[in-house]
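Below you will find one chain, with nothing else, as structure tokens; this is the form predicted on its own, and questions on how it binds or moves follow later.
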Amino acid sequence: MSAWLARRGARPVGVDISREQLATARRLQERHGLPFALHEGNAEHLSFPDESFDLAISEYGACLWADPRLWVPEAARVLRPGGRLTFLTNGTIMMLCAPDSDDELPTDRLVRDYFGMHRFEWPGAPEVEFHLGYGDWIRLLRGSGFEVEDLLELRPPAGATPIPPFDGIVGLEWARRWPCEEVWKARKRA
């Protein structure tokens, strides 16, 4: 995402908690001649001054792996008034239908409670994911100083075919019926 923005004249700053991800980003920067700032950091506690940025984007980064009750207010802190927050994460309905086993795809049945969604710990996996229900997202965003501008519930276009490795996450037919990804767009109040 940062490379795409840099090619269009923006001055992105990439932030990641993983040294390995940052090393990969540096190799790709060198290969493609796209230098921009990279910082090791946790989106829950950023080292940037207040009102430093016009745009904050998370594509399955902070919005999935950091506690939204911490990273959303932190994003509000580092965004200037009128700044935008955009994030792509797993669809809420998919999370309600996703079994605990990696060997199974979501079905058309709810397997977990909607109310109280927050911290997801998967059996046998060291990672923790975070997911909220729609009302909780709206209240958190508004309470952090954002106005929700849009929620895009994504579905594959007609004629789409499964793309490895993503075809092991949700079936194509499932994704044609229910959103497996969501894009939230919000603007910090002036």
Ligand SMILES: C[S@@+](CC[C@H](N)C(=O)[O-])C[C@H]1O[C@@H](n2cnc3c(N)ncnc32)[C@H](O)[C@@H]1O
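In this text the structure is predicted, and so the values were computed from the model without any measurement. Residue numbers here begin at 1 and follow the sequence given.
Just so it is clear, the following notes concern the form predicted in complex with this ligand, a form of the same protein that is not shown.
This chain is displayed without this ligand, yet in the predicted bound form the stretch 53-61 from 53-61, 118-126, 146-154, 133-141 comes within 4.5 Å of it by heavy atoms. The closest heavy atom approach of D16 to this ligand in the predicted bound form falls within 4.5 Å. Contact check for Q29: no non-hydrogen atom falls within 4.5 Å of this ligand in the predicted bound form.
Although the partner is absent from this view, W65 contacts this ligand in the predicted bound form, with a non-hydrogen atom inside 4.5 angstroms.
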